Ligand SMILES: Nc1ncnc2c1ncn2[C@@H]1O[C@H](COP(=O)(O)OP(=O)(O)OP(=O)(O)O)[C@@H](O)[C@H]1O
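First, one chain by itself: the form predicted alone, in structure tokens.
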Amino acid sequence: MPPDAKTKVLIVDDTPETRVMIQRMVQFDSTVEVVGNARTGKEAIEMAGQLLPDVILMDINMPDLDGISATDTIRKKYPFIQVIILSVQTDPIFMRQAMLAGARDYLFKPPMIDDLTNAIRSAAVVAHEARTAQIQQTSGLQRLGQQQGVEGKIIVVYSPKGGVGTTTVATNVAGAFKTPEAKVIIVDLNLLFGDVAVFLNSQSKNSVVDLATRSDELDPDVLKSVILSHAASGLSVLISPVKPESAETVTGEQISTLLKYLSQTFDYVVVDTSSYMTDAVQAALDVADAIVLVTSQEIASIKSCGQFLRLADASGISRKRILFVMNRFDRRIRVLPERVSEILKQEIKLVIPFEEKTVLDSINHGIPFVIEAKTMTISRSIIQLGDLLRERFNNGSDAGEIPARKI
């Protein structure tokens, strides 16, 4: 968001005392402007159309129309408006219904001030991005072949150490970026042993190799014939080859051309990679707008990331393009991100907690947990990672250090 822009917030609750309390809480943030108060779900829908707020703070239990139904209607009419549910309901069924209706977040009443303001800020970034995209679309601009040369962002998820969860991070980062307005594709560049198809329960005889080897003749029809559509998430998917030996036919130059072309068609191109520095992986790193470098608390993983950072320095990969994260974080293990940041001289911007059951359930269902289980802590951390990346892109490639976030 522009640094001087204020986030317009609409508060919806049938209790006057609660509306006053919430308004006082959000006014601690000078970047937030409360533009209205609604008492019912129907009133919320009407005021949403009149005021076009960035964020709505929505209660669930209200007369005439509940907050979940109101959220569903508002999100369908005004998809750029982001809704945060505030409720006393702790039943997971309500949380799931809220997320299916399109709610951005779900906080219990009474919320902590920090939790509420952080949720509003994160939602505001998404609202601004979606509003901008809608304005561009309404103006009749077409992404492909625009004279301005506007392109989507290429995000490469990489770790020099296998087994740290890069595919988990990549598939869920893609899911975090997917909105009704944003076109997102995930590309599996682990050409020998890629697992994106497994994680998303997708199968095809075509793969990234089929597009890469035709990089000199790419067009929308060629893309359509190869790219999969993942119905449960709305993501487009480009899987790794079924026959690993076909990877030998792909060059780094072809991968570079392919990713650049995809960035002209999609808003976000998320690339999963192997731990081996193949020509394909090197090409992806070279064209990436952001590199999500993943480590775990294992000493071998930390050492490998240190070696990669030194290689990045030597090969001209700016550390400003690298967003360092620690996956599978377990507080019981006495390897702290602050200490790793100090040793490697690269700050770990975010930690992703170890929640094995959530991850396994997600893989078994073939749906990213950031979509299927938004209220889990691990999902919130991925959403924060997406917000960090958006902030970087909105501030420009030459922006300074990205502020770290803790779960």
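Note that the structure is a prediction, hence the values are computed from the model and not measured. All residue numbers refer to positions in the sequence shown, first residue = 1.
There is also a form predicted together with this ligand; it is not shown, and the following applies to it.
When you look in the predicted bound form, the only residue of Phe324, Tyr268, Phe308, Phe199 with a non-hydrogen atom within 4.5 Å of this ligand is Phe199. With the partner removed from view, the residue among Gly165, Gly252, Gly234, Pro241 that has a non-hydrogen atom within 4.5 Å of this ligand in the predicted bound form turns out to be Gly165. Residue contact with this ligand in the predicted bound form: Ile378 places a heavy atom within 4.5 Å of it. Interface membership of Pro353, defined by any non-hydrogen atom within 4.5 Å of this ligand in the predicted bound form, is confirmed.
Contact check for Asp195: a non-hydrogen atom falls within 4.5 Å of this ligand in the predicted bound form. Contact check for Leu360: a non-hydrogen atom falls within 4.5 Å of this ligand in the predicted bound form.
Exactly one of the stretches 360-368, 23-31, 37-45, 55-63 approaches this ligand in the predicted bound form with heavy atoms within 4.5 Å, and it is 360-368.
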